[in-house]
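Consider the single chain below, provided in structure tokens and representing the form predicted alone.
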């Protein structure tokens, strides 16, 4: 019963956010500030993670194909596994762990300090004031972060394949070009937008419905990460089946 109650609360929360977003003026300045906090501040961590994921993909692909004599297919493996699957879900996990927890904790603190109630008393819609800028900001930057992750991943994979594993660079790039197309970037961006919407709505939802005290803030933060990870992983399979199946 508790699960169904939570699902119903989340659905009503999404309806309230949608209504507030459509009936108020766009919070441009606040959205750009949220985009900066979510995107620019996450960029160094993203580049580091993408670099080492790319190197590991190249190494594991090489070890998997070498017994079959197909080590030259590492570029194809990196393009399929890294660009289509690893990059969007990796960026979503990183943003959920960093920006999502910040959203949940900030709104939860405002809830227990009754600042959200104060906004309502001042006739300021809390959904528009707190959720809409974060929602717009994460939708702006997550596709860009994903594309940056893709290029970082490919560059690190190329470096390891050519300079460490001794593969032919032209052949590596040729397999990537044969495997990838512009639609892969479009589909990857679609995935990132869907993941961003989930992360923002789930994180803000748990912040809004946080229990009192420090324990409630910690529980809301933890729940936002766990639920976002589960939903993004599940949605990733559905989107992969729809886009590539």
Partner chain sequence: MADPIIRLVNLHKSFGSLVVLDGVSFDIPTGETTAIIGPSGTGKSVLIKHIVGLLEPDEGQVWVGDVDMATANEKRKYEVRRRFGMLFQDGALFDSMTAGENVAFPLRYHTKLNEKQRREKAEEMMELVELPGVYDRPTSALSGGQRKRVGLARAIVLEPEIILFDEPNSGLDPLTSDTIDELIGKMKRQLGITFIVITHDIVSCVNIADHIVMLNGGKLIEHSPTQSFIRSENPFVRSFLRRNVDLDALKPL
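The shown structure was predicted, so the numbers you read here are calculated from the model rather than taken from an experiment. Positions refer to the first chain, counted from 1.
The discussion below concerns the form predicted together with the partner chain, not included here.
K.L.:
May I ask you to state whether residue 128 is within 4.5 Å of the partner chain in the predicted complex, using heavy atom distances?
P.N.:
Output for residue 128 is yes: heavy atoms within 4.5 Å of the partner chain.
K.L.:
Taking heavy atoms only, is residue 124 within 4.5 angstroms of the partner chain in the predicted complex?
P.N.:
Taking the distances in the predicted complex, the answer for residue 124 is yes, it comes within 4.5 Å of the partner chain.
K.L.:
Should residue 155 be classed as touching the partner chain in the predicted complex when contacts are defined as heavy atoms within 4.5 Å?
P.N.:
No - in the predicted complex, heavy atoms of residue 155 and the partner chain never come within 4.5 Å of each other.
K.L.:
Residue 120: heavy atom within 4.5 Å of the partner chain in the predicted complex?
P.N.:
Heavy-atom contact with the partner chain at 4.5 Å: present for residue 120.
K.L.:
At 4.5 Å between heavy atoms, only one of the stretches 68-76, 169-177, 156-164, 108-116 reaches the partner chain in the predicted complex; which one is it?
P.N.:
Going by heavy atoms within 4.5 Å, the stretch is 108-116.
K.L.:
Though the partner is not shown here, which residues of 14-49 have a heavy atom within 4.5 Å of the partner chain in the predicted complex?
P.N.:
Residue within 4.5 Å: 25 only.
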